[in-house]
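As a starting point, one isolated chain is supplied in C-alpha cells, in the form predicted on its own.
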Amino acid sequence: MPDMEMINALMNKVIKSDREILYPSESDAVLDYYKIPQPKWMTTGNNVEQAVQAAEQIGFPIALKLISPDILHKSDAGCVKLDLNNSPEVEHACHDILEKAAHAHKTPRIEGFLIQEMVKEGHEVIIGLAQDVTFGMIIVFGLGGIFVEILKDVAIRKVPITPADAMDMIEEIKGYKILKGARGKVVANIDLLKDMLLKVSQMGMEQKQITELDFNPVFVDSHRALVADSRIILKG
C-alpha cells in the first residue's frame, strides 16, 4: 500500500522526466493510496503474446488500451478496443492498435498495453479536477457517455468539498433521476459516488502537482463504483 511519501516521490519523478501524464501503473498507485476502486487490470510491454496472456489471466471480456505518452486521446486515435471476447480478438486488436498509433503520431513512444476487465453494468459518470484561473482547483461531476458531450450536464464546485456539497453536486445534474433508477434503470449507489467525490476533492487539495484529472467513465451500479479510465496530468 503506497504512502504519501511514495506518492510525492512518484509525482516528482514524473515531472523531472519532462512527462506530464501518469502511466497506468502510476495512476493506479495514486488511486490505491486514496482507496478509489478500479476494475482488474494488468500492463504488459510492447509484446502481443504477453497482452494475450494477460487477457487470459484476467478473464474475458476485456478492454485493451495503448500506453503511450504521445497519444493523449487514445479512443479518437483508434488505440482503445472494447469488449474483446477471446485470445484471437486480443491478438488482432493489438496489431490494429499499433498500426493506428503509427498513423496518429509520426514516431510514437509505445510503452505497452493496458489490459482491463470489461465493465458493462451500471451508469457511466465522470469525475474530474481542473485548475481554474479564477477559483483555483475545481471538481466536476456529471453523467458520462453522450450526456457529457451533448448535454454538458455537469456540476462544478471549488475544492475542498463537504459531504453536503458532494450530495448537492449529484442532485444538481439533470441526470440525477436516471441515477435514481428512472424508467427501470439500475439504481446507482449514491453513497459510493459521494465517497469518491470526497476522495477526489482530497486529492485535489493534497496533490498540488495535479493540473487536470479525468475519471471517465466511472461505472456505478447498486453495489460498486469503479474508475474504468483515468487520466492524471501534472504541471509541466
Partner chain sequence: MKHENNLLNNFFYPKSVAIVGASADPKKSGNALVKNYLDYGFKGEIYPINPKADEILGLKAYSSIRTVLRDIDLVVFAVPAKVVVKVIEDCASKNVKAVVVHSFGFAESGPEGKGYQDRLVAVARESNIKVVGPNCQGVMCVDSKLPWSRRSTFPEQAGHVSVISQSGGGGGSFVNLADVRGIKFSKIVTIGNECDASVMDFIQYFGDDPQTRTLFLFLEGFRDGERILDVVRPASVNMPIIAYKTGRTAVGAKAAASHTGSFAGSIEVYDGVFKQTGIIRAESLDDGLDYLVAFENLWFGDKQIQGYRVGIVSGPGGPGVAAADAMVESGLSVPPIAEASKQRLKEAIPGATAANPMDMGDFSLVGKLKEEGPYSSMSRIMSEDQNIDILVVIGPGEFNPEGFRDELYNIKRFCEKPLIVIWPSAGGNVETCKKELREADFALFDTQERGARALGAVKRYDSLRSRIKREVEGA
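Numbering follows the first chain given and starts at 1. This is a predicted model, so every value here is computed, not measured.
Heads up, the form predicted in complex with its partner chain isn't pictured, but that's what we're talking about next.
Out of the listed residues 120, 95, 73, 103, 73 is the one that sits within 4.5 Å of its partner chain in the predicted bound form by at least one heavy atom.
A single residue from the set 111, 124, 165, 89 has any heavy atom within 4.5 angstroms of its partner chain in the predicted bound form; that residue is 165. When its partner chain is considered in the predicted bound form, residue 161 lines it closely, a heavy atom lying within 4.5 Å. Taking the partner from the other structure, its partner chain in the predicted bound form has a heavy atom within 4.5 Å of a heavy atom of residue 140. Although the partner is absent here, residue 115 lies well away from its partner chain in the predicted bound form, with no heavy atom inside 4.5 Å. The closest non-hydrogen atom of residue 220 lies beyond 4.5 Å of its partner chain in the predicted bound form. Partner contact region in the predicted bound form: 168 to 176, out of 191 to 199, 45 to 53, 24 to 32, 168 to 176, criterion any non-hydrogen atom within 4.5 Å of its partner chain.
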